[in-house]
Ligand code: GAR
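As structure tokens, one chain now follows by itself in the form predicted on its own.
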């Protein structure tokens, strides 16, 4: 049985997936309503979409925070519950792993920004956060404060490739340059890695000999606009559950990972 869920979105750019989700909520394809749109980018064009649909929005300027941490670290508003050792143990995505000072600045800047996001989000009652072109990696600081139920995470993302192939920011470009015959997109829950969280759904499209990178992106976006609302609706219907699975890989060896099961 579905319920009307409250959805918050984080964006960085134009927000075409945001628009698909808004339209699906308004048409009834998703049993939900958008309660906020947040961004790291004051110039994000998707903010206009939120305004048009009278959805509250807020900005946490990541670029400004990163500049402050890099050049005026004494002015950075580091949250009192920040634990560097804990983040280093959990975090698997950060630049300059061989440069401890760079890693430290990266994590501090992200946690300062994420504490700003969490503070803004306090004003909204939400069931799910969707990343709709949010171009920042989230740290365990943010993830652990949103995901309070291990069996049902609350942060969903869409990626422009068929994961686990081609994680990172240029999924369609990587797909095209590799010469794949099939492309696609993936919706998954967020974990501590880069596009490594448990997969909820995927859609594919053929790559023809005459396709270009632009035509592949066009095909992919059309699939994204179908897939994301479908996966959010499964969440609204309480049909998604994350569990730890153990797989035999032969010779007495096993492999474990979290997977999403979809209940009937």
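Residue numbers count along the first chain shown, from 1. Source: prediction; values computed, not measured.
Keep in mind that the form predicted together with glycinamide ribonucleotide is missing from the display, and what follows is about it.
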Exercise for review: Please state whether every one of the three residues 13, 17 and 168 places a non-hydrogen atom within 4.5 angstroms of glycinamide ribonucleotide in the predicted complex.
Suggested key: yes
Check your understanding: Can you say which of 144-152, 99-107, 113-121, 131-139 gets within 4.5 Å of glycinamide ribonucleotide in the predicted complex, counting heavy atoms only?
Key -> 131-139
Practice item. Using the partner position in the predicted complex, report whether residue 156 sits within 4.5 Å of glycinamide ribonucleotide, counting heavy atoms only. Key: no
Exercise for review: Would you please decide whether residue 40 lies within 4.5 angstroms of glycinamide ribonucleotide in the predicted complex, comparing each non-hydrogen atom pair?
Suggested key: no
Check your understanding: Taking the shortest heavy atom distance, is residue 216 within 4.5 Å of glycinamide ribonucleotide in the predicted complex?
Key -> no
Review point. Applying a 4.5 Å heavy atom distance criterion, does residue 59 contact glycinamide ribonucleotide in the predicted complex?
Key: no
Check your understanding: Can you pick the one in 199, 55, 221, 234 that has a heavy atom within 4.5 Å of glycinamide ribonucleotide in the predicted complex?
Key -> 221
